[in-house]
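One chain comes next, on its own, written as structure tokens: the form predicted on its own.
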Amino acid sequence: MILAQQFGFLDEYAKKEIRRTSLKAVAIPGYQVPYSSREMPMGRGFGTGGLQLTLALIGAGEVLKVIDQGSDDSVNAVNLRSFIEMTCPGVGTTRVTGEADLIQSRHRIPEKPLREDQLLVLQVPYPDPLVVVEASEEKRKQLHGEADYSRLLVKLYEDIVKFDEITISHRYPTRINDHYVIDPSPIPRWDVPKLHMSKALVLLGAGREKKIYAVPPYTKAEPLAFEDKPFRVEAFLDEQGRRRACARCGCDNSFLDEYVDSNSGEQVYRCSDADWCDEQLARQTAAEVIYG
């Protein structure tokens, strides 16, 4: 006897648990809710937490976008998208942010502002920002419950003493709804402000650590900082102090990746978000056609 393939790979009990866990995470913004992370046909640390959220929440007829560091064509994104297409018949895929109902991402939040009817799932390797100052999970839970992040602030202050600024480039600790401080996944500092009062629900899944937490829509998300050393994002300034632009589309208000031109050996900067870059390029082409 041939058994029908289970939609979304996970059994219904696993999906129900993940949905219940997600609801609790939304009800308590920033709180890390434990769940029974299932074994997936890929190694832990390769996006199993985000993948389980996607498989449990997506339905037939919906449209999915999977990106890895802004690209739809990276190995991680291609493998995850192929697996979801194989196990979720009836689910469409897209490369365009505005067409997606659910966006699963690693290391980036799309440049295009998300809508209320969209869901963003972020893959998280290490969910607890306190792990750098406290090894015991039991003590970390107590510190989170009491909103005691003094040791984390001391860690940031030590950065300022040594380097005259906070040197954290990604996984920047962010306070959610005036209480819990989260690790917002390895997104760059450029993306952290996008969590603040986001129209879309943001779910973060850590498969290896078996935790799910959330930033609900229209929720405060404030990066930890000091009055005399405010939080700042990447500037992308050149030697003359001017803001660099994307070499492909000319955009000067997006997060840029640095490349080395294989022919000239020069540094080249391009938009990290491939869909955003394509959209800006299409607008330029359309303007040239209209205005000559």
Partner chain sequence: MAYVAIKGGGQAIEGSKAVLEYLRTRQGARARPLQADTIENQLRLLHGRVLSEGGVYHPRLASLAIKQAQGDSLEASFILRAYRSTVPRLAETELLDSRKMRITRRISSAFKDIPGGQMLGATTDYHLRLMRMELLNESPEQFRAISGEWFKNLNVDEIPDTFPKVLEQLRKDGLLAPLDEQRGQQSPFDITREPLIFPVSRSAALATMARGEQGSLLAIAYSNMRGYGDVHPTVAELRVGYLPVLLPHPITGQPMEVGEVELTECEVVAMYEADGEGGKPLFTLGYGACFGHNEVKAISMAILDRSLQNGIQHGPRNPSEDPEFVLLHVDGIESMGFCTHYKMPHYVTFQSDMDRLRATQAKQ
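Residue numbers count along the first chain shown, from 1. All values reported here derive from a predicted model rather than from experimental measurement.
Keep in mind that the form predicted together with the partner chain is missing from the display, and what follows is about it.
- Taking the partner from elsewhere, no residue among Gly30, Thr97 and Leu120 has a non-hydrogen atom within 4.5 angstroms of the partner chain in the predicted bound form.
- With the partner chain omitted here, the record of contacts in the predicted bound form names 134-142 of 111-119, 198-206, 134-142, 214-222, defined by a heavy atom within 4.5 Å.
- Residue Glu258 is the only one of Asp252, Glu62, Glu258, Asp238 with a heavy atom lying within 4.5 Å of the partner chain in the predicted bound form.
- Taking the partner from the other structure, the partner chain in the predicted bound form has a heavy atom within 4.5 Å of a heavy atom of Ile166.
- The partner chain is not shown here, and in the predicted bound form it never comes within 4.5 Å of any heavy atom of Pro173.
- Using a 4.5 angstroms limit between non-hydrogen atoms, Gln6 touches the partner chain in the predicted bound form.
- Though the partner is left out of this view, Ser22 does not reach within 4.5 Å of the partner chain in the predicted bound form, counting heavy atoms only.
- Heavy atoms closer than or equal to 4.5 Å to the partner chain in the predicted bound form belong, across 188-226, to the residues Pro188, Arg189, Arg208, Lys210, ordered by sequence position.
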